[in-house]
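Presented as structure tokens, the chain that follows is alone, the form predicted alone.
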């Protein structure tokens, strides 16, 4: 068959662009971890020497890093003054962890994912999994860092109010279980907003629970937040007014059993909040930047994590709403609705 050379060159350009982005991601991670974006944010134009003085880092490395930032159009350059500027709009994405647009955590996760590539290759050959705990700490920290801004911007302001009656109960005083809580940012965001309620974070990963406890103490929330090592199928307690699953249900080897346990642990009129990635079960509907990132993450993290648990299901992060609704219905959670949506997440409310 004749090959269309124009299409070959067009696709080659795309692959080179992707390769450049992959390499540049290392520079973005360095800029985040070394505090370079933070140092440049709001500081106006500065030379490499001035950035070195501000950060205590070596000027020659910084000049090279800045050149890469200019090439990627993250930073602008003024030849006349030999100075560099991080625009305020870019700082909102790279330098401010409190901004809902902050996205630097994505690059922290990438440190871990490239580090476990060999394990993933073996998994492709054997069909076995790569457990969450087999990754480096960068994955745990990066995941918390990546999801925190979106939760901070939407959880209390939009998602909980969209759950019928849940906000009123939290304001009056409720019991909440946050399953798969990781570092506990979701748990603590709710605890700050609803001081009359009590929040219990559960995760099977001991280092994440240890960090969550430290953060709760730092945040002054230890009086109404607790964190405990426990699995989704056997976390303790019952009578919960709200049980939450933030971006974790699809990572489980038996998500159906997790929902069965949640149904048994709910109060009579309690509800589950199930937050899942905004990706589609129809593969062609994920042909967009967010869909591409999410489905690629499923290859590297979500599917291998579920397979490592040797359960009956390994959903991946783009199983879609119908698959989730079926699991919930089978668990006795027959009332289901799409409560809210963001570019990254879909939020489902499930109740008996």
Ligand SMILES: C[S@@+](CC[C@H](N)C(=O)[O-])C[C@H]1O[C@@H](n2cnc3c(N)ncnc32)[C@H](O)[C@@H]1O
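Here the structure is a predicted model, which means the values were calculated and not measured. Residue numbers count along the first chain shown, from 1.
Form predicted in complex with this ligand: not shown, discussed below.
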query	finding
Residue contact check: residue 286 to this ligand in the predicted complex, 4.5 Å heavy atom	no
This ligand contact in the predicted complex: residue 132, any heavy atom under 4.5 Å	yes
Distance check, residue 216 to this ligand in the predicted complex, heavy atom within 4.5 Å	no
Any non-hydrogen atom of residue 205 within 4.5 angstroms of this ligand in the predicted complex	yes
Candidate site 147, 231 and 252: all three near this ligand in the predicted complex by heavy atom within 4.5 Å	yes
Interface stretch in the predicted complex with this ligand - options 240-248, 80-88, 97-105, 265-273, non-hydrogen atom within 4.5 Å	240-248
Interface residue in the predicted complex among 309, 38, 55, 313, criterion: non-hydrogen atom within 4.5 angstroms of this ligand	309
Partner-contacting position among 159, 194, 151, 227 - heavy atom within 4.5 Å of this ligand in the predicted complex	151
